[in-house]
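Just one chain follows, in the form predicted alone, and it is written as structure tokens.
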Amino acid sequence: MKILFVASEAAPFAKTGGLGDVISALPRALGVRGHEVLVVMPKYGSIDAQKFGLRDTGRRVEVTIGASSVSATVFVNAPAERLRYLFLGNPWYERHELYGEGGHDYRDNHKRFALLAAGALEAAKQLNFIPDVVHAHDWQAALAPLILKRGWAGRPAPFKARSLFTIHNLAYQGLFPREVMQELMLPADLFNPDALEFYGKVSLIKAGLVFGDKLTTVSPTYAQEILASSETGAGLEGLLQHRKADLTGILNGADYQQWSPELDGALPAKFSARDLSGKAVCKAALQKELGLAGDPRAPLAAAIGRLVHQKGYDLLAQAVPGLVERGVQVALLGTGDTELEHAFVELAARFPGRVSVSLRFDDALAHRIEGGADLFLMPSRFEPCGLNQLYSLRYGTLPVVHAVGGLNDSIEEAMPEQGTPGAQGWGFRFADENAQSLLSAVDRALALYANSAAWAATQARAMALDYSWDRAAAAYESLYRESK
């Protein structure tokens, strides 16, 4: 098949979260399975064309946005056989960040990502890449399924193709004032609750939810959660219930070429399930790097991610004193809400040598943390999929997770009330959304950690799990064929 991906980010070119990892790994896995894949994304100002080997194709796409014709230059990168990335270059993308600055979205994001959706289809047509299916991701690409069904700016779609729309996080919906309908020349009849209207505003994600032939989200549990209530469905649960027969949850995969301790060049020592001695080296080096006490016996718990309410980092901040009381070292890497950043900085000052806080994005340090930590903490209030728990498993860093979304689907309890320690499972789960429930799960982890043989057996089981992208790619492949 020929498959066109439309997405707003892809690692390593531009990434803010899990979406970037997916658009890096899934197209590659589909290419390995014999499909021709073309990915189209913006050429942001942060993308160094020379560094990534982007080549100007000499082509330009023209897209009507309101009363104006907007053009984009087309760059290409071909990282693997049967896989190409196209980048749309336009001054709208030449900004410091991808979506906004100072906690505020760019006010013209509707235009920026209308250009992405419409421009992706035009660019594919120019290259004579007529796809069998268009796979659009999140609200930034959601207009692509609408264009395939209804055309754009009074013109028909550039080609006919099936479409699949993936929800990576329903909390981000692309909400804009009603005037955006006219600014984008969207047909007036679409401003109704059965199409794009959402409580008096325009919801661009609804373009994908209404017009996508098939819908997916990134774990089976999250697919059920977003149908269940207005809290988990973010007000879109009614529409999703209507599309329930077309909605599938497919758990994301882990890119083991990038995240594997046997291959990881960021680690001071490589290791495997057969020989974990390198993990002890990684832990000692990480403790030294982060200013933590150099104690090989102290359990080291890590957290990496966006410091936001959704990720439960306020719960983690509340739990840190209890973790320290239990003899646990804590390493945090990430940025986010100012209040949370301040809270963790104060905790690091309060517990020197016990708590380390790195407020930045640092991919190499993320790898070293995965390699050196004993536990990985993910107290998310909701988590469509989560990827760090999958990476942690491969590094023998056992996850402690709130049992929601993809965390529920990927982690099995290693210390059930009835059972032999180390005989089953590969992580620790908690059900209640509070710090005490998190600490109770950590207590079970510490009980297993105290039994070195049981801990090693659980690490080996975790590291042997296969959450590779080939499994997920096969599931998407089936849906592509069904979406006729």
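None of the values given here were measured: they were computed from a predicted structure. So that there is no doubt, residue numbering starts at 1 and follows the sequence shown.
Below: the form predicted in complex with adenosine-5'-diphosphate (ADP), not depicted.
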Notebook entry, point to check: Which residue among Glu94, Asp363, Glu231, Glu339 has a heavy atom within 4.5 angstroms of adenosine-5'-diphosphate (ADP) in the predicted complex?
Noted result: Asp363
Item checked: adenosine-5'-diphosphate (ADP): the contacting residue among Tyr391, Phe113, Phe271, Tyr85 in the predicted complex [heavy atom, 4.5 Å] -> Tyr391
Note to self: I have Gly18, Gly305 and Gly334 flagged as a candidate spot, so tell me whether each of them has a non-hydrogen atom within 4.5 Å of adenosine-5'-diphosphate (ADP) in the predicted complex.
What the structure shows: yes
Checklist line | Non-hydrogen atom contact Val400 with adenosine-5'-diphosphate (ADP) in the predicted complex at 4.5 angstroms | finding: no
Notebook entry, point to check: Wondering, does Gly386 line up within 4.5 Å of adenosine-5'-diphosphate (ADP) in the predicted complex on heavy atoms?
Noted result: yes
Item checked: in the predicted complex, Lys279 touching adenosine-5'-diphosphate (ADP) (heavy atom, 4.5 Å) -> no
Note to self: in the predicted complex, is there a heavy atom of adenosine-5'-diphosphate (ADP) that lies within 4.5 Å of any heavy atom of Lys283, even though the partner is absent here?
What the structure shows: no
Check: So which of 74 to 82, 355 to 363, 294 to 302, 122 to 130 is the stretch with heavy atoms within 4.5 Å of adenosine-5'-diphosphate (ADP) in the predicted complex?
Finding: 355 to 363
Check: Going through 120 to 143 from first to last, which residues have a non-hydrogen atom within 4.5 Å of adenosine-5'-diphosphate (ADP) in the predicted complex?
Finding: none
